[in-house]
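In the block that follows, a single chain appears as structure tokens, in the form predicted alone.
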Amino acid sequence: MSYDVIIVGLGAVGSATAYQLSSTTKKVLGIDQFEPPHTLGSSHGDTRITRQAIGEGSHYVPIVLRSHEIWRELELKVNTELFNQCGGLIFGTNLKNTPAHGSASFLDVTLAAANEFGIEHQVLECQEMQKQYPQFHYQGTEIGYFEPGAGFIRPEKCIEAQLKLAKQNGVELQLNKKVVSIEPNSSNDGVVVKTSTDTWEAECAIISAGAWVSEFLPESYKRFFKIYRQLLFWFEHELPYETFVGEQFPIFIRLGETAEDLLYGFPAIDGKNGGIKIGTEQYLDSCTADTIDRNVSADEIEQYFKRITQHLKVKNNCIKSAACLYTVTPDYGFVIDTMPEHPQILLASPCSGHGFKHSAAIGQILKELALNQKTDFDISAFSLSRFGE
């Protein structure tokens, strides 16, 4: 059967693209090996941070600002909260030496982006943070950046909403179907997409397969996408519950001297017994999407509690935990590009641990690329060719 566009992978980006394309007259097919939203990839865990001034680089800012607009549009359509604007605190002991996600000075770049784009913010000295946010342990030399427009997104609800609307608008969804190949057709002006039982043809294919992206890449490009197991924890709060709700406790990113020192977290959203969600990052031990250990051991919980409790006032009671996947490029940047020599095959890997906040607008970008081979957004920094071969 023939389509105008086939989307392979319906997580954060694939669902957004399906929703965006559903407003056109194009015949669109979306395929996923699972039934999204699910807990097997990179788009689960109840919440994802979103912020307006982007410490990974100011070129991300227009994309996230557009995504915020789309989340609000979606909320009206599905009558469900998707974006909670509780504010965001980013802080560390040094303005310059705060590495994260490929940025050597994450805090400094965040501040510069806020000033460049006129994003409302405050710079806080340690004494001010101690007064406003007593939930943290401080060394006494920290400097902070507070952004009232930051907050958190609910990833599962976003994916569910976009797929629901896409389906209502005529996009065909094939779930629990694992794609085994995406190839150009014989004349290189279309694509052939196959599962073990089905074959579909289209003018254009969009690969948004998350941690499975390498399965569809030439061997020379697979090495540019590494997969890392990341851990999430929900610890019981030490201070009264009221001090950890959204009105009192923003999303936070606590930066250190290395990228692995980073901690991030969220306000309490699951009631008094739901705990505080805290995330960590590591880039030392890689895995694959199919071999990841999805269980979090008691030793890991104890190890990370010792680290977390140095910075946040929580008790040694882990209410729940989870593992997720980061797909990481050499410079921690996104890839949004066409496949070499096959412009009808689009590759979207907005990854490296900071992608979900941008995904709604990336869906728009991919729609524009699929329909017009160009977009109004500047995506020159996301080319695949920047890595060489």
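These figures come from a predicted structure and were not determined experimentally. Residue numbers here begin at 1 and follow the sequence given.
Same protein, other form: the form predicted together with a small molecule, not shown, and the subject of what follows.
- Within 4.5 Å of the small molecule in the predicted bound form, a heavy atom is found for every one of Ser42, Leu325 and Gly353.
- Contact check for Pro36: a heavy atom falls within 4.5 Å of the small molecule in the predicted bound form.
- With a 4.5 Å cutoff on heavy atoms, Leu21 does not count as touching the small molecule in the predicted bound form; it lies far away.
- Put simply, Leu232 is close to the small molecule in the predicted bound form: some heavy atom of it is within 4.5 Å.
- Put simply, Lys272 is far from the small molecule in the predicted bound form: not one heavy atom of it is within 4.5 Å.
- With the small molecule omitted here, the record of contacts in the predicted bound form names 203 to 211 of 242 to 250, 112 to 120, 203 to 211, 137 to 145, defined by a heavy atom within 4.5 Å.
- A single residue from the set Ala53, Val335, Ile49, Leu346 has any heavy atom within 4.5 angstroms of the small molecule in the predicted bound form; that residue is Ile49.
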